[in-house]
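A single chain, nothing else alongside it, follows as structure tokens in the form predicted on its own.
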């Protein structure tokens, strides 16, 4: 049996807020975590357990206080801010609870943003974005702005944007948190379809047990430790 390729390898990860102060908070307490290429994984835990902090640190949005974080073979901890930002833009996709689309842009303009910022020519960016909107079932909404779309449609645009540049990994923080139950399951099923079709890796923070059960692995965190 061939050994699976690790897309994420984090070792002894610690995050301390207000380090050295009397009111310092140890948000992450020496976490080890690996994620295989093509895996779907959810991170669960009570409010304040460190779920989002863990996601933000292993994705390079936030800086860990200490430890090692390798994503697609690159050591995030050794990167300078600008280098890390460029690496994220090229190799990672993000889906948040708040949709983070630019309200004055159309759906297709929002989707093509990750391509344009990494230097893809405008014509190719537009073609790839329209194709991605077709895959998520919104080709007929390409020229609509976010305010003209339903919550589920907006999140589908966000998914299209997160995948259009074929990233190594997609991070999702409560991606269905603002959606009703039926729409939430529809959106999450789409993410799983895209995982199946493209072997895309998804790491998802959620409090929804029914959503979590659909992924290949659930990791539980409590008080900054994996349990």
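Residue numbers count along the first chain shown, from 1. Treat the numbers as computed from the prediction; the structure is a model and nothing was measured.
Heads up, the form predicted in complex with a small molecule isn't pictured, but that's what we're talking about next.
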Name the residue from 153, 106, 91, 97 that puts a heavy atom within 4.5 Å of the small molecule in the predicted bound form.
97
Give me the residue from 38, 30, 46, 177 that has a heavy atom within 4.5 Å of the small molecule in the predicted bound form.
46
Exactly one listed stretch (162 to 170, 50 to 58, 30 to 38, 63 to 71) reaches within 4.5 angstroms of the small molecule in the predicted bound form by non-hydrogen atoms, and it is 50 to 58
Residue 214 versus the small molecule, in the predicted bound form: is there a non-hydrogen atom within 4.5 Å?
no
Could you tell me if residue 218 has a non-hydrogen atom within 4.5 Å of the small molecule in the predicted bound form?
no
Given that the small molecule is not shown alongside this chain, does residue 11 nevertheless sit within 4.5 Å of it in the predicted bound form, heavy atom to heavy atom?
no
